[in-house]
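Before any questions on how it binds or moves, here is one chain, the form predicted alone, in structure tokens.
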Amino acid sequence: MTGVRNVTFQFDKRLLVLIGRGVLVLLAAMLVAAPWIFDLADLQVITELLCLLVLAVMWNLLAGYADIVTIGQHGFVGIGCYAFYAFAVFTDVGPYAAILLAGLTTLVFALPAMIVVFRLRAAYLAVGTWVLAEVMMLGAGKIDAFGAGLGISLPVSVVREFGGNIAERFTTIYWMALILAVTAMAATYFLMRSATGIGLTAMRDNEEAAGAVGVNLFRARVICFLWAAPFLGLAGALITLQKLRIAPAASFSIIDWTVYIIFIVVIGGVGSFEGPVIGTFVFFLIREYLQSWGVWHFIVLGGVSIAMVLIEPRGIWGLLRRVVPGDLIPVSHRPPRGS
């Protein structure tokens, strides 16, 4: 009887994995059908959700696996915003190509930034990334061609390239955000399934042990840092299209592009592939339903994050993992059967 109960219990647990994956498939289907089932206001919110999901996936890769706890991610988002404006307005490459060039420009800026940041470790690295991002913001505020400290709006001619009316433009931007989110998650998934990913998982579990068995810690960090940069820049370009303007305080916002992202990943689960997805949806639920509370909205966000860290440092996914026997998005490598 005991054996039958154990088999039934294991079957029930595996059923939870299938249910979880089914929920993810339904969410994916809903996102594909979003332009037809949601109004423009909701579509704009979902577009923002997808952009923040990209930022969360990248921050989780850096902090959760490579141990690069950055609080200056907003610097690269801002570079993407300003690079997109520069290419779309001041060159003849076209606004769609300007989005791709914004990602490439962010990667170029990441190279010298990496040289500075990687000389620091632990708390010094976190502070160093923040200082670097603030320097980027101050530098952007000194450029008159970009409106200096006040910022500047996108020309109507550029905006119309993405749609002749608001509905067309919102839909076009939504599809680009969805493609970016799918690309970011798929690319990061295959990175984690590669040999580099094995090393990153080992670093997440025990960095000293990973180094002792031959994982090149420096190489892994370089790959993650340069991997994340272009995605941050691409997200910045789409954020500019949503806001229709650039400005130092908005484009390089530490609250929107770093603090909220840290909350999302911590709440969802640092060092897991499911964590950023869960955290993004939880964050938007809290924000959309509680933002009318004013300052209490931020107090609730802070209280939830503190409570989660005290209850389960691995976030909501850590709580669910106590009863769910496997990953919903399987990025971990398992040893061969019988080994």
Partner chain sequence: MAGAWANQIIQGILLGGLYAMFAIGLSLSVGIMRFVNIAHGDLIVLVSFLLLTLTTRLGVPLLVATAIVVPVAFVGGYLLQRLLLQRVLGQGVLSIVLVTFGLSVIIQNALQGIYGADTRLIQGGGIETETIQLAGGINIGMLPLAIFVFAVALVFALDLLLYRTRLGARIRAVSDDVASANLVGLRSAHIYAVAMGIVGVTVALSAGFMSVWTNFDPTSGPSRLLVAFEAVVLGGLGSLWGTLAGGIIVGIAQSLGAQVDAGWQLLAGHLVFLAVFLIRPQGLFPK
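None of the values given here were measured: they were computed from a predicted structure. Positions refer to the first chain, counted from 1.
Unshown form predicted together with its partner chain; subsequent notes refer to it.
By the criterion of a heavy atom within 4.5 Å, Trp59 is counted among the residues contacting its partner chain in the predicted bound form.
Within this chain, Phe263 lines the site of its partner chain in the predicted bound form, having a heavy atom no more than 4.5 Å away. In the predicted bound form, Glu161 stays away from its partner chain, with no heavy atom inside 4.5 Å. Using a 4.5 angstroms threshold between heavy atoms, Gly128 counts as touching its partner chain in the predicted bound form. With the partner omitted here, the residue from Leu226, Ala123, Leu150, Ile179 that has a non-hydrogen atom within 4.5 angstroms of its partner chain in the predicted bound form is Ala123. Contact with its partner chain in the predicted bound form, judged by any heavy atom within 4.5 Å, is made by just one of Met192, Leu100, Ala202, Val259: Val259. None of 82-90, 183-191, 134-142, 169-177 except one has non-hydrogen atoms within 4.5 angstroms of its partner chain in the predicted bound form; the exception is 134-142. Residues of 106-120 that come within 4.5 Å of its partner chain in the predicted bound form, judged by any heavy atom, are Ile115, Val116, Arg119, Leu120 in sequence order.
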